[in-house]
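The chain below stands alone and is given in structure tokens; this is the form predicted on its own.
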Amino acid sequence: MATTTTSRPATPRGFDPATARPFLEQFDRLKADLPGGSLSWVRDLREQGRARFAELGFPTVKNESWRYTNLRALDKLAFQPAVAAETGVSFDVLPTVRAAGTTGPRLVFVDGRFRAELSSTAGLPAGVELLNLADALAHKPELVGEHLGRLATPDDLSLVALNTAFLADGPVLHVPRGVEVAEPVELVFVSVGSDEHPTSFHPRTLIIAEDNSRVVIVEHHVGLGTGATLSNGVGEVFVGAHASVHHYKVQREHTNAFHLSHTAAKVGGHGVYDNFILTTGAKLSRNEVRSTFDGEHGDTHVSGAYMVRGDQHVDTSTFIDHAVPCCTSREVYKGVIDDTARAVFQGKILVRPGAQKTDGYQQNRALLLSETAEIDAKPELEIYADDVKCSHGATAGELDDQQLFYLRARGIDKETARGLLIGAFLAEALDEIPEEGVREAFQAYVSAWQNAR
């Protein structure tokens, strides 16, 4: 079972403990009703999260990792925890990457709460377990006890600490040794919120792929309401030796939403972790992905595309930890920014001492469609080994006038020509998705964003 430590790191610079107070009061009021309260290790884990969040509060722009993303707006909104109301969400409005009329394994969460009537485990091979965390804590605590809180720990990550304090529900997927899941497993997170007050929820995702297993996971994050919501999600992904986890996410929440996400992965020897995030929604979003190699000859692909307009803000932050030799990582991110929107890309590759034969590649390219659009990019390489091949780059620019003129000269109107060039620009990022059905679905989301103008 998961255990907690008694010592805590010192409070670092760049946090505001005063911002923690409303959430601490909510936790103290609700903790007795949170799932798994009869398990001492769960109580200890939550208390560890609460204590660390009390010390930290929200990060500020004085924190180097949050220099370009200001969470001050969260402190101004009096978020209230989502309640287990049976919000009217029908089956036919839920997103899917499957062909019309087909079904497959899917878990649905509305404002962070599991909805059994909208979910299904159809199509899963024998031995694969797909259930929500609250039920796992009640009926199969041994399934999650050895993994929950092992990769995503509070420490200096205050939002992980906040999520850990309110740990209650979210998807749990366990793929046994040697099992391949043919059907994509879909995890649907619907934000509805309330018209009366801003609403917050903290979903926790746990994915365990044992040695020689394979699974494709597609996360959908959508907004169906208009009230302000805060989704503060944390995911932990364990990739066993020779296992393969293809983890794809699309975030299309409404423009009153705040979407904060932290995913931590550990990749065993010869394992593959393939992560792709497509972002078009939310007023403010941050997707943070951290992957650590735990065995030689591991492979991590962490890529994505983001398209924002209006006054949206999108932050993509990655950290690839080459802790052992002979591993490969690849990052390709592309963004399209319009109006007064702002994007942030922070990518760090760490090559630890002794991690020889490392191959790390990182690229972020942004397309600015207006004079007031903005991108802040901070690619980093930190290398403590001498036999490595690592490169990184970040560029930003406008649409190519010559290409635009070429299309216009052939009778294509300006808006159509712009759309063709934008689509071609994003195609390189989408090509990082090897699963054809997922890639086509994500391409449709890109086209929908372009046509929404």
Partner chain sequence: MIEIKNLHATVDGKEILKGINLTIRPGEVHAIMGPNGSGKSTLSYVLAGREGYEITKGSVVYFGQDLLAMEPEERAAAGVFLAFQYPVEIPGVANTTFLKSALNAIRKQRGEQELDAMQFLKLVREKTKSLNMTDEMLKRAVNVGFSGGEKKRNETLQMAVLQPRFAILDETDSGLDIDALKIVAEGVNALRSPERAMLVITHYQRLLDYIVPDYVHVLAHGKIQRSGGKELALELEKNGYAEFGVNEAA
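Positions refer to the first chain, counted from 1. All values derive from a computational prediction rather than experimental measurement.
What comes next is about the form predicted in complex with the partner chain, which does not appear here.
Contact annotation for Tyr384: none of its heavy atoms lies within 4.5 Å of the partner chain in the predicted bound form. In the predicted bound form, the partner chain sits beyond 4.5 Å of every heavy atom of Arg29. A residue is said to contact a partner when one of its heavy atoms sits within 4.5 Å of a partner heavy atom; Asn70 fails this definition for the partner chain in the predicted bound form, lying far away. In the predicted bound form, Val61 stays away from the partner chain, with no heavy atom inside 4.5 Å. Only one of 386-394, 62-70, 399-407, 45-53 places residue heavy atoms within 4.5 angstroms of the partner chain in the predicted bound form, namely 399-407. Residues from 411-426 that approach the partner chain in the predicted bound form with a non-hydrogen atom closer than or equal to 4.5 Å are Gly411, Ile412, Asp413, Lys414, Leu420, Leu421, Ala424, in the order they occur in the chain.
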